[in-house]
Ligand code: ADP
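Single chain ahead, by itself, as structure tokens, in the form predicted alone.
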């Protein structure tokens, strides 16, 4: 299908208050295909959010290049093309909500693009439908739950019609129900053709992706399928990452003599166990 995101030998440094450099990304090379669902995991400080902010040019490399759908992020003339191509959903939805009414908030970005009113209305309607928030269009965002606010934030990004959506720890502040709702939306968008970059510290979420990249100290420690990544308990332990509970259970059952393969959902684990009875 071809790459829509290309990092080539990308490094990035933060400068502290004393003027000293701290390397956050070190020689990262990464390609993401159109329509792919990529999860990025890693311990705190591993560089996940720094990498995410390079995708829509909130940050620019100190070394190397980033291309988004063919656009070089260092080309200032292409900045708005890049940000229309790659939308971001951040950790705290309150930081992304700008209006006092849900539908006005979703329309805000599209209005800034100077689109015709009829097109803006259609995009707001379609976005509300996609995140299942149509019944809340006239509500005040501050009256919503955390999960509902995040769905409104996602709808605001969808109204820009991006090809790529980056979820930067977007489920971190939500309860289990809210996390599931956001994950379901991300998966539905991916099935509809969107390229999804899902940054998370919940391994059960990452296990639902097509591919997983582990960052460690600003470098790619491992890149593979969920089965390859999460079946390697020693690797996850070494990088201080949680092992999915289903994988731990499967490991214990294998030690007891059952022929159980690694799966990543309760439903699949129940089927595996039943197949052995």
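This is a predicted model, so every value here is computed, not measured. Positions refer to the first chain, counted from 1.
Another form exists, predicted in complex with the ligand; not displayed. Remarks below refer to it.
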| item | value |
| --- | --- |
| Option touching the ligand, based on a heavy atom within 4.5 Å in the predicted bound form, out of 26, 231, 56, 50 | 50 |
| Listed residue (238, 252, 65, 43) with a non-hydrogen atom within 4.5 angstroms of the ligand in the predicted bound form | 43 |
| Partner proximity in the predicted bound form: residue 261 to the ligand, non-hydrogen atom cutoff 4.5 Å | no |
| Sequence-ordered residues of 6-29 touching the ligand in the predicted bound form, heavy atom within 4.5 Å | 14, 22, 24 |
